[in-house]
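As structure tokens, one chain now follows by itself in the form predicted on its own.
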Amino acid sequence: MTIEPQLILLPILIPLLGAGVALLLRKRRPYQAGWSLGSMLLSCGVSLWLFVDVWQTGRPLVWQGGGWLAPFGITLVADILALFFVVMTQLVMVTGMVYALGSGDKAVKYPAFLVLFLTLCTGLTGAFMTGDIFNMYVFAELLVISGTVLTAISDDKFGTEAAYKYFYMSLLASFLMLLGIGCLYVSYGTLNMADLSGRIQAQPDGLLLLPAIGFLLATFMIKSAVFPFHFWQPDFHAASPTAVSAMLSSVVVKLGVYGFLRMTFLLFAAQAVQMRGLLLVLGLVGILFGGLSAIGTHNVKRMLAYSTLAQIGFILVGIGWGTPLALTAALVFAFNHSLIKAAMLMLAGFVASRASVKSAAFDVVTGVGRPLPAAGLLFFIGSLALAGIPPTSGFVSKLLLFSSGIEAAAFWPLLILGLFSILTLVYTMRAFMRIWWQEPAAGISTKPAGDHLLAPILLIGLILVLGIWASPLVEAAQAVSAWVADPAAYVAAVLGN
């Protein structure tokens, strides 16, 4: 069956319209919850359907808004790269919604919480699927506004401060992105990414091309909290509601990864070698800094936030090497990291919800997990996955990345990757021992009820499945890698040449 191009609007429209209806249902909490979860499930199912179709046919789906052909109109592109990230995002956000509905946080009971959660999904999905770099900025702004408000309403007293930090860092990223967009438009007269690719290739010495590249690189580094633009992230993730921090530390940071892929393989192919060299260096520094910072932190959520800095570093190393195998490894790593990090942050939030003083600080949660063996088993498996130990999906990610490093003869970077993979096991196992083995401090006890475990159970189960049966994900990533390496096919699909 041939899919009509306009159906690619559904992964964006379903959560957006779902948010509108959820707002109308704000005074009927059970109906609002059921509708919101149903919207997320439907959108995720449609995204998976589109991905399978594009993967099997090898043809991207392109929608030209208002019948205006590219590069003059608004273009949405459901190519296999965009849909790979959309499926990853919406799959994790379904579990985030499940966690939120089972959370005891006051914030998730606010009438606007589920509405903003759905608009967060809309913004991220649209940013992946747009074929126009300015519309990527527009969708990213929807993402930022939703994430800021969701953090500001946190139960944590530092939520407002964290929201301000996130907002102002995102404002800086938006300013830099607009500068980059302006430089490109002045130099080439278009903002459609397919059209830009051809024009930049034809005129690689555009007057403002290098400033545009610099501005866009800085933008996506802020979005992914890449060193040295990482400093806002630990405070943000420690203070935001667990359901929100689990999404922003797992899938929202992947917007920067997606941006790097579009920059190095589509927009600026002539400058890709230099950009990949920079990403490789920053990735290695992020692995070093993130791993050491995670060891020295005092809070489980902060530890996992610094861990995200290190894990994003592994992905950047794969992009930096740039070979087909390395790119496949980076994509598999990005997908698996989204599942693992969301599960780990949910488990940290679960433990904090069971402490007599609700906090993820080690001083508070030490020993709280002793009566919670099921959560301990899930955290242990998640720790193995984060460190890349079989039989988890994290092992598949690390194995592919190490194999690509051997193929590229990059032995010094491989040494750093190996040593700091061990470091990941050190800080996650230290947290496991403190929470589930040590005696609690005086005055700290485990409450009989707290957040629900269903969402992390689903994620850890998927992590084990993808560790034992990795071929579907690896084959999908290989198809995405082959598509990304052929930008001419993307250009032809969008411009109709």
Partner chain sequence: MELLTALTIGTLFAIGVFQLLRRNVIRSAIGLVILANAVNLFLLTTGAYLGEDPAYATYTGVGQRIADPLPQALILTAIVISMGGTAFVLAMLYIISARYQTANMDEVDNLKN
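Numbering follows the first chain given and starts at 1. Since the model is a prediction, treat every value here as computed from it, not as a measurement.
This next part talks about the form predicted in complex with its partner chain, which is not shown.
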item: Distance check, Thr148 to its partner chain in the predicted bound form, heavy atom within 4.5 Å; value: yes
item: Proximity of Phe167 to its partner chain in the predicted bound form, heavy atoms at 4.5 Å; value: yes
item: Non-hydrogen atom contact Asp105 with its partner chain in the predicted bound form at 4.5 angstroms; value: no
item: Exercise: Glu161 in contact with its partner chain in the predicted bound form, heavy atom 4.5 Å; value: yes
item: Location of its partner chain contact in the predicted bound form, chosen stretch of 118 to 126, 97 to 105, 242 to 250, 153 to 161 [non-hydrogen atom, 4.5 Å]; value: 153 to 161
item: All of Leu171, Cys183 and Asp235 within 4.5 Å of its partner chain in the predicted bound form, heavy atom check; value: yes
item: Listed residue that, although its partner chain is not shown, lies within 4.5 Å of it in the predicted bound form (heavy atoms), from Ala270, Val281, Leu178, Leu415; value: Leu178
item: One residue of Tyr110, Phe380, Phe402, Phe134 in contact with its partner chain, assessed in the predicted bound form (non-hydrogen atom, 4.5 angstroms); value: Phe134
